[in-house]
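Presented as structure tokens, the chain that follows is alone, the form predicted on its own.
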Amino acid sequence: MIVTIDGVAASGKSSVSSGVAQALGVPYVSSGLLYRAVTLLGLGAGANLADPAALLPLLSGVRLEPLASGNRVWNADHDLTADLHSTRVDTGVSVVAALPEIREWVDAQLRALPAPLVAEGRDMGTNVFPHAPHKFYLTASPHVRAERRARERPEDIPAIEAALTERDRLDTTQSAPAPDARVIDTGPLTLKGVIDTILNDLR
């Protein structure tokens, strides 16, 4: 069994995926963390984030550790996870995620993981696991998403909303829902409400 949960930035994909995975008793995997890891390593090396030839040599030690409670990303024996959700990574990750060579690398890491699992990201249902039997797509207005993110970071809502709107523009190709995905507007729902909606659909 593979469940895919796609959606726009800050739509609650990680929290929802973790909750669904824990309810099902299976791991969940986040493609976004791998893209963020590539971005972080590229920034640390002073590499051009638009140049896959400069980024791919940095990735030989990168691995994703999927857990129902949350993912960890390692570079050899160094845990990168705590540094992946920063503003500078936010700014660069869309550039990295648009590179076909990096997308192929991320997709290969995810497809190598054994099922069952809950897969969360941008194009899990359209590209990585197109034959998954259960697909969901989460969305919400930029303002709602900015309010949620402001509760996690000490940044003002208008700045976050502007960044999310630009991120939506950059992510248009990767963020399209699969034709057979159920689209869920998370704006009027609590986290539990979204998780319950998905679980009810699965059952």
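Residue numbers run from 1 along the displayed sequence. Treat the numbers as computed from the prediction; the structure is a model and nothing was measured.
One more form of this protein should be noted, the form predicted together with a small molecule, which is absent from this view; the next part is about it.
Although the small molecule is omitted here, in the model of the complex all of Val8, Ser15 and Val194 have a heavy atom within 4.5 Å of it. Residue contact check for Leu189: one or more of its heavy atoms lie within 4.5 Å of the small molecule in the model of the complex.
When the small molecule is considered in the model of the complex, Glu152 lines it closely, a heavy atom lying within 4.5 Å. In the model of the complex, no heavy atom of Arg72 sits within 4.5 Å of the small molecule. Contact between His134 and the small molecule in the model of the complex is not found at the 4.5 Å heavy atom cutoff.
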